[in-house]
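Only one chain is included here, represented as structure tokens and corresponding to the form predicted on its own.
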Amino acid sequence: MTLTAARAPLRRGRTCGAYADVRDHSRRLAEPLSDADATVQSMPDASPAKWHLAHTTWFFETMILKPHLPGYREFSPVFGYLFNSYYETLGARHPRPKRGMLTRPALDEIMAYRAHVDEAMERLLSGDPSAEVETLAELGRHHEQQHQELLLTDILHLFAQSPVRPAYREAGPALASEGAAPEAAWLGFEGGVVEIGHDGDGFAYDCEGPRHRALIEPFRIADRLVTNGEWLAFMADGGYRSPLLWLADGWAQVGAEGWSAPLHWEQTDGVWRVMTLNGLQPVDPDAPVAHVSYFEADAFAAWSDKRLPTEQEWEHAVRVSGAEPPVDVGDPLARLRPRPAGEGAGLKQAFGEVWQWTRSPFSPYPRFRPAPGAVGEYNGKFMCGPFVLRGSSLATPPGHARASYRNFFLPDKRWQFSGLRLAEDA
């Protein structure tokens, strides 16, 4: 028996276990929700929780089971139309802005759909899956983790529209301020040619490569994220009323949308509160600011006489400093709002609090080529217009963050857990 053959059962066992863990996490995320909670769509950019649960299941069914499991029985012929997202090569789909109109199928039927696909996936992965199946299963797991984060941010946006401000999960006593944020320090980095992109060790999306060389000029970057307290100072100094701070499209957005504070903030009797997954909470001045757009982040940087880092600067600083995503996160649902930076030297809050806007547009790396077929639509088709965010947020599932990860959103979007850290030329 070859070494490869001897390791195959262990590899298949890990594949099945990893699949089961990801699917179970989605189930846990849905547990606090009623059928109504999971059905309503709060805006065209968001999707109902029920749709996220079904779409991720459709991905496994369509990309893996139908072409690779002989005799697989499709759960429902209409689900392909209902739960395709943007895969043009796979046919017509229900319009995204109308996903909240899908009162049927009910949440119970969606969970039955998930069980049906899970049983078939277990049979396929417990056999002797091909390398292609294993690769697609890994992509499907990470795809579902992306939707787990979207599910939480979309539920937060939905609950923020309710006058009763319901909590996804009730706050505990530990959600009080965890202490004052330390003064920001500036970490200096020499310029030069550096390696950027995924190194090939473990999973990565296609847009994280190919690994390539980039020229970086000397720069300094803040050791922690911008806080709510600093954002309050920006607001008090007329930050949302000073057109010279803003990009032209950003200033137009301020006027059109009436922006005067981050999304989910509201002021009552002179006190600022923020809607969180734990319900309406006082704004913690020492915690990182969240729910700001690229336009707002760029305006704050201009007000601070600084700038946003490029994504290459961010990745280089994280790699040189040795910052890593937390390994032991405990209960990933135990903490549902950002927390202040701790004391100590070095780069802080690189992962696990808020995604960090960079000044870099989401564009292809040198030598990038989309994968053939439908999976090639995953990232490459969006490389026009969005800006890159780096790191991860408190809603990012365990095991889904890495230094090379390139999140991306259009510059006016702010319903995600998006914040910033500052940089400057050295």
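The structure displayed is predicted, hence computed values, not measured ones. Counting begins at 1, following the sequence as shown.
FYI, the form predicted together with a further copy of the same chain isn't displayed, but the following is about it.
Remark: of stretches 268-276, 210-218, 281-289, 137-145, the one touching a further copy of the same chain in the predicted complex is 210-218 (heavy atom within 4.5 Å). Think of it this way: in the predicted complex, a further copy of the same chain has a heavy atom of just one of 226, 124, 158, 350 within 4.5 Å, and the residue is 158.
Note on contacts: among 231, 75, 246, 314, the single residue with a heavy atom within 4.5 Å of a further copy of the same chain in the predicted complex is 246. Every residue in the set 103, 295 and 383 has a non-hydrogen atom no more than 4.5 Å from a further copy of the same chain in the predicted complex. Mapping the unseen interface onto this chain, residue 251 counts among the residues with a heavy atom inside 4.5 Å of a further copy of the same chain in the predicted complex. Shown alone here, residue 166 lies within 4.5 Å of a further copy of the same chain in the predicted complex, counting heavy atoms only.
Taking the partner from elsewhere, residue 114 is found to have every heavy atom lying beyond 4.5 Å of a further copy of the same chain in the predicted complex.
a further copy of the same chain in the predicted complex comes within 4.5 Å of a heavy atom belonging to residue 82. Using a 4.5 Å cut-off on any heavy atom, the residues of 25-43 that reach a further copy of the same chain in the predicted complex are, in sequence order, 32, 34, 35, 36, 37, 39, 40, 41, 42.
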